[in-house]
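Given next, in structure tokens, is a single chain: the form predicted on its own.
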């Protein structure tokens, strides 16, 4: 396998970092995948200065021209789909059957969507009885964007597309665990005609991220990560009065009512727990099932989940790949052991798997716990792995109350044939993104984000424009000015 190089992208040029050496591992087999050097505070400073220089050019660029650059970059990435999907699979461990149809495609759709939106970013006219006022939507400035490791290229595009459509410049820091595809986005944008300095990439871990958030030349911070990291980043950003968008963790509920189509509900539960090896922030890991259909639901769930193909993520038949890193693998396994000790019943999986797996990889069997209670650790805390907790309920009111009994509020799902009930229930759920009779579908046209400790602000859709522009108000006097003195 080719050893990839970890590089920064600053002011239109690929360049190595000037910090300590860094390497990443292929989670499928624990072999070295990429090597390079972390960014220093000096590298971050150079990237921010390049962004400020690029900002002056880009914010003065007509919106139609911005749109053309985004459309062209989208096509460049689309043409490289298979190549980049393989990079994502090797970087994250996620199955190639996922990355070929989701990762680059979602990023491309985001670029195309905001390219289409760019020309419609306008202010408003306000009639004031002879005088008038108007508003202008202006770019925020230099946006620091920090990505997570589960969907690297998608997250990079989700942050770049609205920021660039609005005329901002970006300094992007991907996760140090999955550093590769951010450079592909930068190169596609550059090839599409983006001016130097408008989109930059710095590589590194916590120190690099801290230097970026603290930099006085940064006007806004957008983070995808854990609630704990989000709280720290938001606190630092507040010290500089920087705008923030936080897309953080969750412990989302999925409610299955007695009248639900159980086959669809099982499909939803699998998508909400096992897709991407369970490493999705919006996952519905607390599955509340009406007591009258619990046994039938579990029977179907276990039967279908027993056939999931766990293995080498580069093989087309693999449905569930390895966990992204040993650190995350150890975390997941510790939660599984806690679940067993606290009295939950393992009805599927519950173990690490090495037999018939690539040597050295971090494989966890898709796991289902039944007989769970609301106070169990596996029910309260985000695990970020293929671990589902099944609970039962009696009434609609009880399901809503218990679903909301969490510090998180990213997502929620409801399965029922009664659409009136579906709408009634989601209206009462404390979550930013909800689904009725499906789960984890996130089209670019729909806002995505959470409430409570799951975040601040929204990504995607026109709602994102509010987070990447500032409104300037202008009052125009058409007559003489009378002073009272």
Ligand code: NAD
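Residue numbers count along the first chain shown, from 1. Note that this is a predicted model, so its numbers are computed, not measured.
One more form of this protein, predicted in complex with the ligand, exists but is not displayed; see below.
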field: 4.5 angstroms heavy atom contact with the ligand in the predicted complex for residue 147
entry: yes
task: Find out whether any non-hydrogen atom of residue 162 is located within 4.5 angstroms of the ligand in the predicted complex, and reply yes or no.
output: no
- prompt: Just to confirm, residue 184 within 4.5 Å of the ligand in the predicted complex by heavy atoms?
  reply: no
message: Whether residue 103 contacts the ligand in the predicted complex should be assessed with a 4.5 Å heavy atom distance threshold; does it?
response: no
- prompt: Which single stretch, out of 220-228, 372-380, 81-89, 252-260, brings residue heavy atoms within 4.5 Å of the ligand in the predicted complex?
  reply: 220-228
query: Which of 344, 400, 233, 266 has a heavy atom within 4.5 Å of the ligand in the predicted complex?
result: 233
- prompt: Of 174, 197, 386, 322, which residue is found within 4.5 angstroms of the ligand in the predicted complex when only non-hydrogen atoms are counted?
  reply: 174
message: Could you pull out the residues of 299-337 that have any heavy atom within 4.5 Å of the ligand in the predicted complex?
response: none
